[in-house]
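A single chain comes next, written as structure tokens; it is the form predicted on its own.
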């Protein structure tokens, strides 16, 4: 493996960790932690978290797209099974990208549900990515 391929793969993994890991922390750390706080404060803090997370999510999405295209173009073997799993992974990734941007909007009443969707889709994407090792 050449150095550029290694760097692109590492950046791809870091982007996925930032996006999915951030959603996991927000959904299962911040959201429950804010339940004990007054509604007005909870809303302001939740919107502040969204504002802080939005540039990270957008940067991670951009990085994942760039590194993902590079990694796809430099993959040596592409079987029918690979293409099937890759298609499923891309549909789930588009879901994660869109919902991450929606979840980062201020005063969002559906944020908990959206973050749960990101977490579920993100975990499935990671499992599919692990399966690529054997395909």
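Residue numbers count along the first chain shown, from 1. Source: prediction; values computed, not measured.
The same protein also exists as the form predicted in complex with protoporphyrin IX containing FE (HEM); that form is not shown, yet it is the one meant from here on.
Q: Look at the candidate spot formed by 53, 54 and 58 and say whether protoporphyrin IX containing FE (HEM) comes within 4.5 Å of a heavy atom in all three of them in the predicted bound form.
A: So, no: the whole triplet misses protoporphyrin IX containing FE (HEM).
**Q.** Of 88, 102, 48, 72, the one that lies within 4.5 Å of protoporphyrin IX containing FE (HEM) in the predicted bound form (heavy atoms)
**A.** Among 88, 102, 48, 72, a heavy atom within 4.5 Å of protoporphyrin IX containing FE (HEM) in the predicted bound form occurs only for 72.
Q: Go through 80-88, 25-33, 106-114, 39-47 and give me the stretch that gets within 4.5 Å of protoporphyrin IX containing FE (HEM) in the predicted bound form, heavy atoms only.
A: Contact-bearing stretch, as computed: 80-88.
Q: Answer for residue 6 alone: is it within 4.5 Å of protoporphyrin IX containing FE (HEM) in the predicted bound form, judged on heavy atom distances?
A: It does not: once protoporphyrin IX containing FE (HEM) is placed as it appears in the predicted bound form, residue 6 has no heavy atom within 4.5 Å of it.
Q. Is the gap between residue 120 and protoporphyrin IX containing FE (HEM) in the predicted bound form 4.5 Å or less for some heavy atom pair?
A. Answer no; every heavy atom of residue 120 is more than 4.5 Å from protoporphyrin IX containing FE (HEM) in the predicted bound form.
Q. Does residue 11 reach protoporphyrin IX containing FE (HEM) in the predicted bound form if we count a contact as any heavy atom within 4.5 Å?
A. No.
Q: Although protoporphyrin IX containing FE (HEM) is absent from this view, report whether residue 98 comes within 4.5 Å of it in the predicted bound form, heavy atoms only.
A: Judged by the heavy-atom cut-off of 4.5 Å, residue 98 is well away from protoporphyrin IX containing FE (HEM) in the predicted bound form.
Q: Within 4.5 Å of protoporphyrin IX containing FE (HEM) in the predicted bound form, which residues of 37-66 have a heavy atom? Give them in sequence order, or say none.
A: Read in sequence order, the residues that approach protoporphyrin IX containing FE (HEM) (within 4.5 Å, in the predicted bound form) are 64, 65.
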